[in-house]
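Just one chain follows, in the form predicted on its own, and it is written as structure tokens.
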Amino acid sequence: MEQRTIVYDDDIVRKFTFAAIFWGIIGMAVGVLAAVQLPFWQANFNIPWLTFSRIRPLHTNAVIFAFVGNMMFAGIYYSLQRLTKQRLASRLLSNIHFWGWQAIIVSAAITLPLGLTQGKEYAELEWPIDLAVVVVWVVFAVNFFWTLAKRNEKNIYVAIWFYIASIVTVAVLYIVNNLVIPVGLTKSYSIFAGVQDALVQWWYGHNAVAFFLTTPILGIMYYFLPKAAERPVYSYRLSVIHFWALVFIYIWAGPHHLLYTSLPDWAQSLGMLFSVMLWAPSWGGMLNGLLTLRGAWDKLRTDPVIKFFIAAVTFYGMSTFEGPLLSIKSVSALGHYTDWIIGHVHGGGLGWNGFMAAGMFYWLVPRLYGTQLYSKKLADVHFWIGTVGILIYMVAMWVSGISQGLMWRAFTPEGTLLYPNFVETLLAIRPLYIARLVGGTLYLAGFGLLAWNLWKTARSGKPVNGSATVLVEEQKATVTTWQLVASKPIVYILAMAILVAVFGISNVFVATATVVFILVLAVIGLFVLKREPGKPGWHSLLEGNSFAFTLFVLIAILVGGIAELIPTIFVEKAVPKIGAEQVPYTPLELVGRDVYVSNGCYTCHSQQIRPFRSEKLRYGDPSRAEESMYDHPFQWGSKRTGPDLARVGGKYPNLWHYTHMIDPRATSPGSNMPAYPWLEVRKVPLHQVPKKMQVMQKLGVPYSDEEIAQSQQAYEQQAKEITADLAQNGVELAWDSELTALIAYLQKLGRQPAPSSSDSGPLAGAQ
């Protein structure tokens, strides 16, 4: 046995902490600009890289990956060293991780406003940056697991469980969803299309929220909240249940983002079921956090850190109640595509992530600089400004979203739409957008106070590194990984997981039989899995074997992932060919679609008409799965700031589309859409057209070699037909402009062969 003094590497924690604060303020400031642009369209300034549709993805990526990402890394690196009683394994890897992550953030901040995007929510970054993300994430993972392997504590604490789940799951999600074929350095096409791409995207999108914005922050909660309260975690058993239930169930919930779409009904129902189930483990974690503070309520009056942590955990509970609520089909029918979803997302983002970050920073920075917090009063002011800002924001978006949903579906006594003009809804909610702006500005001001307070705190002290004295002895594993794998509890758990997967993808008869079998197996397990007196429980043994623990986390997330994604391989074959075969985009329409994606039109417009009478009257027949089978990526959208475009083709003449893009208010008085005058003068690089079609051909779009060879001639011919039509109305537009291509794409939407009256099929979930 040897006594050793471990000096921690807290320099990397300081770097990530102040990077998080810097990028957080930048990301929130961009969000405030976007909030200004919604009620005041003039704030787009007719500048491409300041347009709402370009900066909205910048805002989401900056807040998620720059602010929360850097905060997460700071919290993990600080707590990991103390929970393992081990210095980080490699200072070099830590610095590569830090500077690599900042380089990725800067790359995103440059490329997204320039319109270089994949067009998939939370996955907009183009493939070279995606590769960099993977490399840096691997560096982080190696540094983390290497430190864990060298630990001087036998068992891994609950916070580390959540860190492991986050590292493993984010890697799986990010790689699968970002599988693309490059066209060039700045352009690529997703290997998935249509229904398949929608399912993969929201399997990723929802679980990016789960395993980047939730599980690592829960790990941080389990470390920093007890430290601040000077109390142990309320319940170890509740921690075990919370962790495994959350990790297993979360991965199934993605399809609830696609209710009433042309996604197959089994996937929609599965997503709804598991989303509702998520309420229980989520609130288990919330209660564990709040009950940890029992006996520490006196600190609530004097310690701003406790205030932030209590509020954060409360907002987590609110968000994890509202999420399952919005996943219920009848509620989703009202709330989806509206501002209610924006209010829900920001309740979690500002309340849970933002306040957990603030509480952690106020607790952490004084310890990193060996001093006291500069001003507790200033921190209290931040808390109240931030809380008021969140409440104004959320209430405004709740009222706005419910108003939108009700107005869209309102009918006159005669059975016609009460508000047939989409702009009527925008005008009604404009005051609520201004309230949203006020709330967001208050929240940003609070973080400005935090930055000043912590800067003064750091200046009053000097950087210090924590240390610990440990007794080091050679540790021998009491149970090998194989013995754990073959143990009765693990066998039972794996059997249950497999049965749940079978239930998820089975027909009603097999699913019913599976539920019965699960119940029988559970009852038998009550007798078989009794803990032997005097011996540690199976989970205690698992906590002592980090490799086995990581393996079981991987299995837990793969069960749901495989059950959801393997069937998508057959989705294309399952898509019925209703009526005539679908016609791929022409070369001009394909380029126009790229222009549409590049300018972020998907951030405000959906292309998915739901099977409701109100939507059929407003937009046309409900969307069918085969209509998007050649869309790489899909463009179903998730928010309607503007009307749905699924059947806009042929609805208006070319002149209307031209005028609408140059001056939206000339065609739609009251619209808050930005103008896009630069599309009129920007030229399309025609040499890229054949290469784009070649990539699409590899992805299964039925372009012939002859069509690809003649693509530039076909492009020019169709483009000149559009410009000739415009010329008859006194508009001169170059045939090789981006606007010409965009008009061609918009005129294509919804003009596929219609189904014959005799056709029927299982498509579509809700058709």
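Numbers follow the displayed sequence, beginning with 1. For clarity, every value in this text was computed on a predicted model and none was experimentally measured.
From this point on, the text means the form predicted in complex with a small molecule, which you will not see here.
Though the small molecule is absent from this view, in the predicted complex it lies within 4.5 Å of a heavy atom of just one residue from 672, 453, 320, 147, which is 672. Contact with the small molecule in the predicted complex, judged by any heavy atom within 4.5 Å, is made by just one of 383, 596, 398, 279: 596. The chain is drawn here without the small molecule; in the predicted complex, the stretch among 68-76, 111-119, 217-225, 651-659 whose residues come within 4.5 Å of it by any heavy atom is 651-659. Using a 4.5 angstroms threshold between heavy atoms, residue 38 counts as touching the small molecule in the predicted complex. Of the heavy atoms in residue 676, some are within 4.5 Å of the small molecule in the predicted complex.
Although the partner is absent here, residue 645 is a contact residue: one of its heavy atoms lies within 4.5 angstroms of the small molecule in the predicted complex.
The small molecule is not shown here, but in the predicted complex it comes within 4.5 Å of a heavy atom of residue 53.
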